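Take a look at this one chain, the form predicted alone, written out in structure tokens.
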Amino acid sequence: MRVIAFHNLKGGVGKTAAAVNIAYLAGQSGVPTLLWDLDAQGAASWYLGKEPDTVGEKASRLIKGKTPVGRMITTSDYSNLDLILAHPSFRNLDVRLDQDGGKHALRKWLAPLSESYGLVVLDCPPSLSRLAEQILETADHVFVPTIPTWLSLNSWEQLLEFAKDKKLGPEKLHPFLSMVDRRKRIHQQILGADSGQLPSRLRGFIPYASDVEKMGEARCPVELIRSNSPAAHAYRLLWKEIRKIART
């Protein structure tokens, strides 16, 4: 089983859209996939037509070992794709991990799932926190959507330094350009530049597109909104590249 995460310390960069579309494409490729919506806002759950769980098992019970992670899994409407829905208590995960000494907790929670899944996709809340540390520790690869602006590039550098300082495998971080608008000069400049500022940048990038924004209304992956759109094509190319890196 491989574990990948989509993470950025900034919100609004296309992180959840990428997580949902890649998880969907993985499942459609025949890879048994679990998507864990770790963000209490529940955007990934919403995009896949589900409501965030408000009555299920709380994070505190998971951390204390009173609830196995398997009990939190629900099926999606798509083949080979299961979910752990967002829960309001996930906003307290950082506090709970500190209070209850949850060292290596995320890795331990996921370990039993290797018999059922070939890929686990983590959609992560935007932060540099105890949970972020565990995500970087546990994931085999972390994919970082980065808008082609200088401020977003600075956020990438902060995440990279965080991984280095914590000795959490900065080499597993893979940025990719997201929400690329070719009408903007700075976007063209960064898209066309060499990989000096983003040395491990993926070749694939996601355009700024209305079909991605429509995910919130249609509540399904871009592939099912318009499969011949540039955005759908971009996610397919991104999945192909991610699959090669993650060796799923």
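As the structure is a computational prediction, the values presented were derived from the model and not from experiment. We number the residues from 1 along the sequence you see.
Unshown form predicted together with a small molecule; subsequent notes refer to it.
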Name the single residue among T67, Q188, Q28, Q41 that comes within 4.5 Å of the small molecule in the predicted complex, judging by heavy atoms.
Q41
Heavy atom within 4.5 Å of the small molecule in the predicted complex: which of L48, L202, A209, A59?
A209
Would you check, heavy atoms only and a 4.5 Å threshold, whether K10 touches the small molecule in the predicted complex?
yes
Can A17 be called a contact residue for the small molecule in the predicted complex at 4.5 Å between heavy atoms?
yes
Though only this chain appears here, would I63 touch the small molecule in the predicted complex if you measure heavy atom gaps against 4.5 Å?
no
Considering non-hydrogen atoms and a 4.5 Å limit, does the small molecule approach L198 in the predicted complex?
no
